[in-house]
Every structure is written in structure tokens, then in C-alpha cells.
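We begin with a single chain expressed as C-alpha cells, specifically the form predicted alone.
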């Protein structure tokens, strides 16, 4: 078996594009520093809304296949070579937004047996043996069923892996401190006239915003802003990125593009102050 680097980071996300928006700078930074970064994506986002008119004919499996290509391009921009689809391509399909009939599709991720899906993810955890795992909070950041399910599956996979010989030392949830979000949106209001977007989103539209006191970790990815923007642009069906640090999703509401990325430590010893490294305080060593 190939020996992996001393520091190993795993991220569990619901759809292609979630990783670049939430953690693109973090992924690029740790990859550049020599850590092993593993992304596990739970669905192909077959029910995502498509932005470019010339691609709106894509739906279902055809859209999923296209978004897999976007994911490959995004990972190349971030320097990540280890990215996997939970259970293989097409094992779990996109569940659509909460409350839609799509949620009842027996093949969608929302309907997946949590223990079964977690068992598949636990196999990846045991393969990589990460010291750090990043995923969403129990509301999935903003209530999307696939994000909620990704949280449940990741949490259960950590438990299963611990029972089989690898106890992940640190688990984080994606976060944005409220003060940072408010400052960024104030700046966006001032810049909006110069952007190719007509309207602004609000702080309430951004997943994972919490009071500053809940933030345990801030990863400065400023040096990797270009890589994050390139990865987001690769997800062209879902994201439009401006030259300035702003972007829109299919709702066409401008949002800030954050290059310092924030986290809440939920497994492991909480630090006395704010960390600047996801690996702070954990023993590292090669895995083979």
C-alpha cells in the first residue's frame, strides 16, 4: 500500500461545487503544503439548477456526468488528486431542495440508509486515516436534505471507523463568523454598482453563519485566492464568479467570496484561543 503524507485531511460534501465554495482555499493551501487532501462527494448534483443557457438542456444523469467533469477541473485547480464519489458514481442521486417530491426518490441520498452509506464512507476513512475531517453541521448549513444527510453519514462514519481502528482526532463544521459576513456584505453593497450582478444576497442567505464565539479556527487561504476562484469557475453550471471577490449562484444574488475560511471544532479538544491550523495539537505520522 502506498504510504501517505504525515498530515491527512478529509472533506465530506453533498454535491460538486460545495467543496470549492466552502473550503477551496483550505484545500489548495494544505495540498500546496504537502498534506494529503481527500474529498468525498456524496452525489453528482443531478437536480441542480443550471445557470448558462447553453447548458440548460442538461438534467438528470446527463447533468450529473457534466458536473463530474466540472469537479475534475476544480480539483485540478486546487491541486487535489484524491477525490471520490461515495459508493461510486451514481450510487446516490441528488435529493433536490427540501420539501420537493424529489426527496421521495428511493435512489436519492436523502432516502439512503445512514448506516449503509456511513459504512461506505468509513472504508475511505480507514483507507486514508485522516487526522482531520470537515463536513456540515446538523442542519447541513442551510437545510438542504443532502447536506443534512452528509452530516449524518460523516458523523456515523467517524463512529464506525473508531470501532475499527482509526479514531479521527478532529472533526470540524464549516462556519462563517457573523461579524465577518456582515463586514463582507457591507463591502459588497459599496461595490455592487461595479459588478456584473444586479442584486445582492444577504447574510441570512449564506450557510453556516454563526456568532463569532463559536468559531474555533480560521484558515488563512489568501495566497490561494486565485486557485479557489478558478475552482469555483470550473463549476460553471452552478456558479458565476466576478473578477472581484464575489460570485452568484442560480438565484443571481451576489455573495462575497471568502478566502479566509472558518470552522468550528466539534470533535477534539477545543482550543483556548482561535486556531490558525486544522492540524493544531494533533500528532501526525505517515499512514500506509
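Residue numbers count along the first chain shown, from 1. The structure presented is a predicted model; accordingly, all values stated were derived computationally and were not measured.
From this point on, the text means the form predicted in complex with a small molecule, which you will not see here.
- Just one of 208, 79, 96, 119 comes within 4.5 Å of the small molecule in the predicted bound form, counting any heavy atom, and that one is 96.
- For the options 68, 230, 236, 249, the residue carrying a heavy atom within 4.5 angstroms of the small molecule in the predicted bound form is 249.
- The small molecule in the predicted bound form is not approached by residue 64, whose heavy atoms all lie more than 4.5 angstroms from it.
- Residue contact with the small molecule in the predicted bound form: residue 144 places a heavy atom within 4.5 Å of it.
- Contact check for residue 36: no non-hydrogen atom falls within 4.5 Å of the small molecule in the predicted bound form.
- Taking non-hydrogen atoms only, residue 11 never approaches the small molecule to within 4.5 angstroms in the predicted bound form.
- If you check the small molecule in the predicted bound form, you find no heavy atom from any of 87, 91 and 113 within 4.5 Å.
- Heavy atoms within 4.5 Å of the small molecule in the predicted bound form belong, among the stretches 122-130, 210-218, 144-152, 171-179, to residues of 144-152.
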